[in-house]
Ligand SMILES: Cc1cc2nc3c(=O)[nH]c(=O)nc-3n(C[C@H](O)[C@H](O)[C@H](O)COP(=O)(O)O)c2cc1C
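In the block that follows, a single chain appears as structure tokens, in the form predicted on its own.
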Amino acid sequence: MNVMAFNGSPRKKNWNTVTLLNNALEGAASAGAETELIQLYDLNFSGCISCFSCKKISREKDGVCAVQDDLTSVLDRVRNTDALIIGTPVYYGAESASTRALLERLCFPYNKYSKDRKSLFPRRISTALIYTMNVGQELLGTLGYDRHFSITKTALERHFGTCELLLCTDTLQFDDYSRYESEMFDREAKIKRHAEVFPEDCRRAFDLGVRVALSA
């Protein structure tokens, strides 16, 4: 089995989102999966350009985005993968720009404009979304984050298959809070939480990877 993961954070090494993704892939590998981590910010690509080529009656293939850029070959490989894991930081209540562009290009070609609305993706596969964010758990509902996460989760379920959410809240943003304008945050509390809670988040990500692989 093959598990593809996407890091939608511009922080590509040793930070919250990529650390959780690496743990998820370690979990998938422990269950026998071959794994691949794609750094979205290493690629030059756009979101959907609304050309509707994927909806033309004369199209040669279903589910193919006509845009040609660095994401094209990646989307080709998605057609043959057994599971997808997408990790992203939360910026203003939504995914990072690169993650959102990926989701548009990933999902829209499989969105069938017919009455049955059946997905054009050829199989059902497992998917997962890992969100990292600065806000605490208690603010998710107040700020409406939970509703947005649910919308994205539903889109992946409709097009591909089951989708699991992993939310990592109240994350450590800086390695040195004294270097940045950050007086609204309790620096010591952030550091303490990262030391005590983030390892548990990593364990949850590992377990998620195992489940995703075993359900593939």
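Numbers follow the displayed sequence, beginning with 1. Every value quoted in this text rests on a predicted model; they were computed, and no experiment measured them.
Quick note: we don't show the form predicted together with this ligand, though the next part is all about it.
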Within 4.5 Å, heavy atoms only, one stretch in 171 to 179, 34 to 42, 64 to 72, 48 to 56 touches this ligand in the model of the complex. Which?
171 to 179
Contact with this ligand in the model of the complex for residue 203, defined as at least one heavy atom pair within 4.5 Å: yes or no?
no
Is there any non-hydrogen atom of residue 92 lying within 4.5 Å of this ligand in the model of the complex?
yes
Is there a heavy atom of residue 133 no more than 4.5 Å from a heavy atom of this ligand in the model of the complex?
yes
So in the model of the complex, does residue 145 come within 4.5 Å of this ligand, heavy atom to heavy atom?
yes
